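Below, in structure tokens: the form predicted alone, a single chain.
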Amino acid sequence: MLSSLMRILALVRKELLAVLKDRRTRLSLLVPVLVQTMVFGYAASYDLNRVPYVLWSQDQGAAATALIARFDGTGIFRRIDTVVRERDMRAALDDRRALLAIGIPADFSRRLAAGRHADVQLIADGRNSNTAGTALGYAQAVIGAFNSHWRATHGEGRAPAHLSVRAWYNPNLLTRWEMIPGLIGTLTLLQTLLLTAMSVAREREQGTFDQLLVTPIRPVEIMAGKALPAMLIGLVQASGVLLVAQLWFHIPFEGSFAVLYGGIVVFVLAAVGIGLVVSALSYTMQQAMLYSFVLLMPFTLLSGLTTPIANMPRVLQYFTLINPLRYAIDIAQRVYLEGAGMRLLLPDLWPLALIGAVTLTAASWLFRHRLQ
């Protein structure tokens, strides 16, 4: 047992030296993770801080003026133009100068003063459906606040029901708070899978794999020696994303670091198992890289990072059950934002452990089968 452990440790040392001695490899392990975290944190956002709009108002009354002032006073809606013809309003949308167009009819103030309903026209540029939907939601909130204030100040009483909205775990609904914890799993999977998949392929290309086989090291020990360095590097990369989230973006961490790292270890084990299967099936580094990218794209799309799994077709939802990234993102977000403990994470942990057991067993069988 001790001799087997020493052989594994020697192979781990060899793998770490092979990775860390190459300057380009060292940079590729740390710099892309940090850069991608910063890019996703700033660029990949569904938040709207500025909604350019164009106004077509045919009413100069007090009600229309008060409504327009509410839009301009939010700090989000920025009026880029006030037009006098409907076709100019449409042109601003066609040219993408405005995201939203607001039209107020000539009888708007008169109808409100008479206690009747009045229409407001909202036209959004639907070429980007997510942004358009968010902008319309903001506009409807402004109009709703105007309606409540109008009822209260014109003798109609307050609205019978007042909606008080509160978002748990992400009070300001910032995309960054959801995206960055999810990147802990996403970027770790990317680097770990590539590193593990190319480990044996690199040995084959360099001609050192045959030399490895004539040593006393057994195939299972070779697999363990290839897996452990990838797991260590995966944990270091996950820590890098976590540090950026904590020190740069200042996203509040509500959970336990022990629970988070426990979930990451199980996830990295599953990712390494998949990488070893790819490595056992690949003869060259080019093949290993190609197979890895073929897996990474569906893993990312079916992970729930950008699209809720519940919104996917039923068939694709079944495929997400064998995607380790789905469970890793859920673990990271729930521990980070919700403060979930191990008991609440069991529905995510046991599938990850099962995926790891199946893939590591398959990789072990493939190693023995191909060596024979």
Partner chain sequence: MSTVVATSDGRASLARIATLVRKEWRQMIRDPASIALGVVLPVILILLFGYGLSLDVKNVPLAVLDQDGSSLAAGLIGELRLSRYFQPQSVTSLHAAQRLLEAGRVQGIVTVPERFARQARAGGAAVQLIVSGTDANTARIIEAYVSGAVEAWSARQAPALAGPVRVQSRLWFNAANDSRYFLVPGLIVLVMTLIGAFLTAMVVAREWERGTFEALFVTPVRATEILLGKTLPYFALGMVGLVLCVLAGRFLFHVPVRGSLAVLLGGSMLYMLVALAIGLLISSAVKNQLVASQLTLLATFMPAFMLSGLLFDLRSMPAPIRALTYLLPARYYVALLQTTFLAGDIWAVIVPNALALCAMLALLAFALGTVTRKRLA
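Positions refer to the first chain, counted from 1. None of the values given here were measured: they were computed from a predicted structure.
Same protein, other form: the form predicted together with its partner chain, not shown, and the subject of what follows.
Distance check, R26 to its partner chain in the predicted complex, heavy atom within 4.5 Å: Result no; R26 lies far from its partner chain in the predicted complex.
Contact label in the predicted complex: N323 to its partner chain, heavy atom within 4.5 Å: It does not: once its partner chain is placed as it appears in the predicted complex, N323 has no heavy atom within 4.5 Å of it.
Any non-hydrogen atom of F253 within 4.5 angstroms of its partner chain in the predicted complex: Looking in the predicted complex, residue contacts with its partner chain do not include F253, since no heavy atom lies within 4.5 Å.
Contact of G339 with its partner chain in the predicted complex (heavy atom, 4.5 Å): Close contact is absent here: in the predicted complex, G339 is far from its partner chain, nothing within 4.5 Å, heavy atoms only.
In the predicted complex, segment of 228-236, 256-264, 88-96, 270-278 with a heavy atom within 4.5 Å of its partner chain: Comparing against its partner chain in the predicted complex, the contact stretch is 88-96.
Position in contact with its partner chain when the complex is considered in the predicted complex, options A114, V84, A106, L173, heavy atoms within 4.5 Å: In short, L173.
Within 175-204, the residues that have a heavy atom no more than 4.5 Å from its partner chain in the predicted complex: The stretch 175-204, when checked against its partner chain in the predicted complex, contributes T175, E178, M179, L190, L194, M198 at the 4.5 Å heavy-atom cut-off.
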